[in-house]
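To begin, one chain is listed below as structure tokens, in the form predicted alone.
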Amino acid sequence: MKALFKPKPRTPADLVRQTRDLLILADRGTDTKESKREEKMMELSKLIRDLKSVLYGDSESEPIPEACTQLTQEFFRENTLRLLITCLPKLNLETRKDATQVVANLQRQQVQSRLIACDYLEKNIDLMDTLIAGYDNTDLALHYGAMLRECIRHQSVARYVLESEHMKKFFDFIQLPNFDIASDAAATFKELLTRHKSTVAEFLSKNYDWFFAEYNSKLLESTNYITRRQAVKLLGDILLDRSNSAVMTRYVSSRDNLRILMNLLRESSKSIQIEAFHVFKLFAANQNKPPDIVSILVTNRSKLLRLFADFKTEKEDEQFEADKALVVKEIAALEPK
């Protein structure tokens, strides 16, 4: 007889609906008995774990595409994402990790060849404000940061963040005293400035003055070694990207920028020196150097040539040696203007 009354297995859509109902309860924080509330939160944790299993599969089976599609459609049909983000502080650590993985996976799920997460986020773009504000909260920063990086895979969402006032906050987030949170913020910052080429080029052109003033003073001239190292590496990635050629030309025409890079070349850290060289070579290779740039390079010619004479990477690197030879040749041939 028992076999006749077995509960029907829950469909992916059922899982989402039940998760949503419990998130609504958690969000309201209604006065239920402590034991009852505990029970509901445990049930919610299990449901979020089940959602993760549908999306990622488990040790015994791969995810089933139809189930993933069902789950994704139901998830974005109503405000489940908003509820999950809002209620994250109320979940325990393991469930927060599961929720973060669910949100990450859903950004990549296609329904009829469309990323419906992107459509949802465009209509609920204020959720990015909540995720970015998470960097101020030690308990939530890494979860919200991971979600944020997945959301900015969508170009329209990345554009919103780039053009918002939040971009200025990243210069401070990167220098937070908590190393893990600062590193996470640096990873998000890098993603924002390298993933969507055309959007980044447009942002940097429009916001050149304030952006590089902050970048130079807060990152390249930071007292923190790791901040300086990451910043000079990212600067090279940005300026060497072809889509940013107009921004690069402007950057290497500034004597203040050259002064900062020459200081970084003198650092005791080999890795900072090498990364600084990859940016410095752009100043040297510029065929339309302004007179004040030429003047600085001529004044410091003997010091620079001495530095480059002993300048080597730890492993043999033919490209580096070729670049160095070119820089030495350019500097040696300079005539004062």
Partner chain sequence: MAHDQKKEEDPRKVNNPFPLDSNCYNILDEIGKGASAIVYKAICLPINSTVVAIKAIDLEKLRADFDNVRREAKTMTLLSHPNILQAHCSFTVDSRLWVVMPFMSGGSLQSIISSSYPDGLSESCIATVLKEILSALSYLHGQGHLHRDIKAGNILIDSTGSVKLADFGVSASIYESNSSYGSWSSSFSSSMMLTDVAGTPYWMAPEVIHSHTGYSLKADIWSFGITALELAHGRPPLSHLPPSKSLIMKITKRFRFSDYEKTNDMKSKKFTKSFKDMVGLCLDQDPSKRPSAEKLLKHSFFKYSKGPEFLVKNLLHGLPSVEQRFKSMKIRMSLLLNKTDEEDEDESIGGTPKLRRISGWNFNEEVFELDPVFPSDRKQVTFGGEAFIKDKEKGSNESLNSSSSGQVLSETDHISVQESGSDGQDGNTVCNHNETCESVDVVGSGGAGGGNSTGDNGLVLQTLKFLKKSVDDQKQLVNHMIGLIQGEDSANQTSEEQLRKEIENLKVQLENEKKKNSALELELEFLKLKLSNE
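Bear in mind the structure is a predicted one, so any value in this text is a computation, not a measurement. Positions refer to the first chain, counted from 1.
Heads up, the form predicted together with its partner chain isn't pictured, but that's what we're talking about next.
Notebook entry, point to check: Of 187, 83, 125, 240, which one comes within 4.5 Å of its partner chain in the predicted bound form, counting heavy atoms only?
Noted result: Only one option qualifies, and that one is 187.
Check: Which pick from 312, 52, 278, 40 sits with a heavy atom within 4.5 Å of its partner chain in the predicted bound form?
Finding: Filtering the options by heavy-atom distance leaves 52.
Note to self: Based on heavy atom distances of 4.5 Å or less, which listed stretch (193-201, 248-256, 162-170, 75-83) is in contact with its partner chain in the predicted bound form?
What the structure shows: Heavy-atom contact with the partner occurs in 193-201.
Next item on the list: Report yes if all three of 206, 306 and 330 come within 4.5 Å of its partner chain in the predicted bound form by some heavy atom, otherwise no.
Entry: Checking in the predicted bound form: none of 206, 306 and 330 is within 4.5 Å of its partner chain.
Check: Is there a non-hydrogen atom of residue 244 within 4.5 angstroms of a non-hydrogen atom of its partner chain in the predicted bound form?
Finding: No, residue 244 stays farther than 4.5 Å from its partner chain in the predicted bound form.
Checklist line | its partner chain contact in the predicted bound form: residue 218, any heavy atom under 4.5 Å | finding: No, residue 218 is distant from the partner.
Notebook entry, point to check: Does the 4.5 Å heavy atom contact test between residue 148 and its partner chain in the predicted bound form come out positive?
Noted result: It does not: once its partner chain is placed as it appears in the predicted bound form, residue 148 has no heavy atom within 4.5 Å of it.
Notebook entry, point to check: Is there a non-hydrogen atom of residue 61 within 4.5 angstroms of a non-hydrogen atom of its partner chain in the predicted bound form?
Noted result: The answer is yes: residue 61 has a heavy atom within 4.5 Å of its partner chain.
Checklist line | Neighbours of its partner chain in the predicted bound form among 105-131 [non-hydrogen atom within 4.5 angstroms] | finding: Contacts from 105-131: 105, 107, 108, 115.
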